[in-house]
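Taking the form predicted on its own, here's one chain by itself in structure tokens.
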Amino acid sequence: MSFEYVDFNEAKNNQGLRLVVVQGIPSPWSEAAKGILQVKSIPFSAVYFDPFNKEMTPWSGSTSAPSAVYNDEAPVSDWKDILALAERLNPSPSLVPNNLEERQKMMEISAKICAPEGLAWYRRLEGVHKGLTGEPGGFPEMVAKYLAQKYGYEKEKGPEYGACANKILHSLAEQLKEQKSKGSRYYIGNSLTAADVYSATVMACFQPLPQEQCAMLNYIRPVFEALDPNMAAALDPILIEHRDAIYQDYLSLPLSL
């Protein structure tokens, strides 16, 4: 399923589903939102997030991306709310298990990836810390300063960010290995859930898809490719195998950034 990018004024004046996304970067939150809508065959148009557009925040309800605006409803920006909107707009195929225990497990895994103090959050702050302290693999200083102020970077916690991300990587790999032992390639049960989409898209922050499939900004790719020895060890091959399988069978390539 394809979608089109529109400018802000067109998005604001249109109806239907409009999705505000990050430009030029495979942001796991933006890419997961796109992926969920595409898996569920929900038509949408995309508009690039512009932090300098003073009209965008009141309209999108967020100072960041992604956010989703459906018709004249209040915008939603939290990953859980975007998923809930997608489930409401097209219940089938559902990316949320019906079984209560499985649904709780799926939300727990998804939060490990998407929520504040989750995998993507810690990986971003690790890049901020490296950028501000002059370590290899950090964001350019101007980008690091912007992200630091926006996402609560604390210098004294800098060395902890990578360790926290590694712990979550280990946890995700163990879940996939347990599932594999049961004959499943998915995080939960035997079918695709939102957790699979979140995991597949967040791997761009650790091992990006090649440039021909992910034409991201040149100065960001080295940040996402930089892994210290501990993180390289935590990035179990099963996580990348899972990513590749989900993209092959469910998500669109090349990425439209």
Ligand SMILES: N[C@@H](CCC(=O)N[C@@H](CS)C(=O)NCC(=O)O)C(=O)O
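Owing to the predicted nature of the structure, the values given are computational and were not obtained by experimental measurement. In case it trips you up, residue 1 is the first one in the sequence shown, and so on.
Heads up, the form predicted together with this ligand isn't pictured, but that's what we're talking about next.
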| request: Report the residue, out of 60, 193, 199, 27, that has at least one non-hydrogen atom within 4.5 angstroms of this ligand in the model of the complex. | output: 27
| request: Heavy atom within 4.5 Å of this ligand in the model of the complex: which of 79, 186, 153, 122 fits that? Just give me the one. | output: 79
| Site check 49, 65 and 146: each within 4.5 Å of this ligand in the model of the complex by heavy atom | yes
| said: Please identify, from 226-234, 40-48, 212-220, 27-35, the stretch that has a heavy atom within 4.5 Å of this ligand in the model of the complex. | reply: 27-35
| Applying a 4.5 Å heavy atom distance criterion, does residue 238 contact this ligand in the model of the complex? | no
| query | Would residue 114 show up as a contact with this ligand in the model of the complex if we use heavy atoms at 4.5 Å? | reply | yes
| request: Report yes if any heavy atom of residue 245 sits within 4.5 Å of a heavy atom of this ligand in the model of the complex; otherwise report no. | output: no
| request: Give, in sequence order, every residue of 193-209 that has a heavy atom within 4.5 Å of this ligand in the model of the complex, or say none if there are no such residues. | output: none
